[in-house]
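This document opens with one chain alone, in structure tokens, the form predicted on its own.
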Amino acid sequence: MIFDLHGFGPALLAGALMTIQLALSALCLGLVLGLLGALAKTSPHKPLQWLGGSYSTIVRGVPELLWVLLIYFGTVNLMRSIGEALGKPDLELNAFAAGTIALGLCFGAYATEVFRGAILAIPKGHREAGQALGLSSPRIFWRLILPQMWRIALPGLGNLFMILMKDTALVSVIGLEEIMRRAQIAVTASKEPFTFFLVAAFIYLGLTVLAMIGMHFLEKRSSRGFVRSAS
């Protein structure tokens, strides 16, 4: 089957690049939030446990689309106040930044549970061995806990990242010109919705396959020196 894209091919490729940039930006933010959330939930201090649990529960309980809309439209007055204080009354949060914050916030909430499970899966004896060697708590976490945690958490994080890439389509509602926004513009101009939405589906599928290949490489690399038990 040959698709006539009516000259919108470069625009769709630009949308794919924007989708990748948005997904990677949200991933970076989400990993930081997820790790902080997991450390809070596994902390011996009750206030930190409450803070990490509240973040995970509240964010996961609200649809991602609502977070995109709330962050984009809800920061208008805040950004205006900051802009007036800085002498820039037109200061506003653009669609890319709002999408990154919203998707990163949601990714981090789910990643919190993935990291938490990975931390709890590490035998307590490893931490005790570090203490017996006289290592400080930060050094124990950095040298003993973190490497093992990443290896255990990678499969779950890979699944979350593939979901995140598809969730980038939600940011089209606030005007960011990623794949779906570009496809909608092409549909409006050409009146061929099936063609362009099918092409968009193939692009998302291609990005998913690339992400799976990347995750397979990372999992294989992180598992060097470990023997997998037979299922």
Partner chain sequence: MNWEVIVKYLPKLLEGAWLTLELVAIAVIAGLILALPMGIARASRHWYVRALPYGYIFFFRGTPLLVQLFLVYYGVAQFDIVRNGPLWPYLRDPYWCAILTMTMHTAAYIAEILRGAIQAVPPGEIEAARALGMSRAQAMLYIILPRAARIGLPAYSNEVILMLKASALASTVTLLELTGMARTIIARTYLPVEIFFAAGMFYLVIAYVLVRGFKLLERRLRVDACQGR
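Positions refer to the first chain, counted from 1. Note that the structure is a prediction, hence the values are computed from the model and not measured.
Form predicted together with the partner chain: not shown, discussed below.
4.5 Å heavy atom contact with the partner chain in the predicted complex for all of Leu70, Lys166 and Gln184: Heavy-atom distance to the partner chain in the predicted complex: all three under 4.5 Å.
With a cut-off of 4.5 Å between heavy atoms, is Leu31 one of the residues that contacts the partner chain in the predicted complex? It does not: once the partner chain is placed as it appears in the predicted complex, Leu31 has no heavy atom within 4.5 Å of it.
Contact with the partner chain in the predicted complex for Leu51, defined as at least one heavy atom pair within 4.5 Å: yes or no? No, Leu51 is distant from the partner.
According to a 4.5 angstroms non-hydrogen atom cut-off, is Gly61 in contact with the partner chain in the predicted complex? Gly61 belongs to the contact set for the partner chain.
With the cut-off set at 4.5 Å between non-hydrogen atoms, does Thr57 touch the partner chain in the predicted complex? Because a heavy atom of Thr57 falls inside 4.5 Å of the partner chain in the predicted complex, the answer is yes.
With the partner chain left out of view, which of Ala38, Ala26, Met180, Leu176 would have a heavy atom within 4.5 Å of it in the predicted complex? Exactly one residue meets the criterion: Met180.
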